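Okay, here we've got a single chain as structure tokens, the form predicted alone, with questions on binding and movement later.
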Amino acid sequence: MKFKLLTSVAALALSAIAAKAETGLIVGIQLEPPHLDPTSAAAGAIDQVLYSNVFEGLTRFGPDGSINPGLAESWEISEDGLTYTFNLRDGVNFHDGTDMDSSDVVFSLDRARAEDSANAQKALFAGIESVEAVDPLTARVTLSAANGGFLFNLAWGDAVIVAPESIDDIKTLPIGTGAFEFSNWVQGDQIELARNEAYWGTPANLETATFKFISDPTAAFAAMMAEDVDVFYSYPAPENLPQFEADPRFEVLVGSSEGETILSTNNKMEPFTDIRVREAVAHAIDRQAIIDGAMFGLGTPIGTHFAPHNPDYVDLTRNSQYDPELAKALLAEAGYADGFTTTLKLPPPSYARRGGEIIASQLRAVGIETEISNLEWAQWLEEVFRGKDFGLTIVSHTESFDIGIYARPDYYFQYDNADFQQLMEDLTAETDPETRSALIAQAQTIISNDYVNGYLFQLAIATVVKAGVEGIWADAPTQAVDLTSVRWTN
């Protein structure tokens, strides 16, 4: 009898420990953010950890990609489409206890659009003529021209609301208004968040959330199998997924993303200034072989920079079908019958490293030799994105509806087409849905016909989740790992 009692007590103790453990969540991700300010860097890893969890914008993305109220509970748009009046939520505080009001909206949007702004998506705010604090809970934004995508733009991580009081330390001590607050950053290892007990909205179910950085696919598999992590977002080794699917301890979520995975091309570096060379590169690539070899079949071929699940997508894959003989003929016509050598700089994600080896082999078959450099994320940002020191690179552009980057001549692949730039201006000013759809189709076609980049595939998101975790988004309409509604069910 005494033994049974002790056994029961031990069981209760173990049960209590298990229950206590399940108030937190450990999420594995591949990349570590270079810093913690989503308003001054292009690194998607910043948004993965901080968007919606720590920082919020006036509007926010829903799991289906819809645009929903965020810190603005509602808004009115003037008849001419030039003035947006945002009604802010009452009682919102930053994590340091200071009030969030219209003055913070003015500061954030003015900072994003300033001449010296370091915002990676500064162009999103270029059409803002003025931002005013009408009263503490009302902010008015006036545009220089109507913008049919303005509410969408405000949902980007680059448009989150920050406070002037905490801006100096934001890269290491991020202070937002979200359901979680920043707790600790062990560089090279993990970022820890804690539930914001004073959150203005529905409180988070989780008391703590830890983002663990595991870049190596083999280490990711080991961590998941050992249950050292509860969730691995965008799992980097798709060959392991059948094993997880067969294991009752786990669930595999496969969804779509906004990630156009491309063979980015430096349009101002010889010989890629010649459209015949860029077209040759496009025809040298066997997309399906890359999807099968690097992604184990996960991914959808694309022929332009646009997501196939978007209703306005145009299938232009035939424009750059795999044809190595045509690629060789185009190279000869451009004066490169004997081929040439260029750089192929690869960031850490497995789609880039694995895909890069396959693409290098395909390019070699038509006479293009590549000097492969495997870069860490910070190096890639410095050399490729900011320094434009590359011939070719592979990266997945995970921002939603980002075809507008092709209208920026100083963007890292340096495509400069005045007609396309005008088209984007027309699209921005257009509000009629049918006309917008026609302009979007035209934009997709122009960049496909110009062979600006090698368009590979739309990145599928496969996330491995421990049984009992509920609320992880299967699809990725934004780069964030939104934990605000995640909970344990057992």
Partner chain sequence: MNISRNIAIGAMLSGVFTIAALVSFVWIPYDIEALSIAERMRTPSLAHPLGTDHFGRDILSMIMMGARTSIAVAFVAVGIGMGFGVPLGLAAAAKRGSLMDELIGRGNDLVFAFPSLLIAILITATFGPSALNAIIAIGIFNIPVFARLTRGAALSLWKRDFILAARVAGKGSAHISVEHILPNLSNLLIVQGTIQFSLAILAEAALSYVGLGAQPPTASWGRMLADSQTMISLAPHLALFPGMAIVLTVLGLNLLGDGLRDFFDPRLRNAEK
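Take the two forms, superpose them, and find the largest set of C-alpha atoms that agree within 1.5 Å; that set is the rigid core. Values in this document were obtained by computation on a predicted structure and should not be read as measured data. Residue numbers count along the first chain shown, from 1.
What follows is about the form predicted in complex with the partner chain, which we do not show.
Residue contact check for residue 293: one or more of its heavy atoms lie within 4.5 Å of the partner chain in the model of the complex. Taking the partner from elsewhere, residue 364 is found to have a heavy atom lying within 4.5 Å of the partner chain in the model of the complex. At least one heavy atom of residue 354 is located within 4.5 Å of the partner chain in the model of the complex. Using a 4.5 angstroms threshold between heavy atoms, residue 93 stays clear of the partner chain in the model of the complex. Heavy atoms within 4.5 Å of the partner chain in the model of the complex map, among the stretches 396 to 404, 365 to 373, 328 to 336, 162 to 170, onto 365 to 373 alone.
Distance criterion of 4.5 Å from any heavy atom to the partner chain in the model of the complex singles out 221 from the list 385, 233, 221, 125. When the partner chain is considered in the model of the complex, only one residue from 137, 358, 316, 253 comes within 4.5 Å through any heavy atom, namely 358.
Contact annotation for 218 to 244: residues with any non-hydrogen atom within 4.5 angstroms of the partner chain in the model of the complex are 218, 221, 237, 239, 240, 243, listed in sequence order. Once both forms are fitted on their core, the CA shift for residue 257 between the shown form and the other one remains under 2 Å.
If you fit the rigid core between the shown form and the other one, you'll see the Cα of residue 322 move by 2 angstroms or more.
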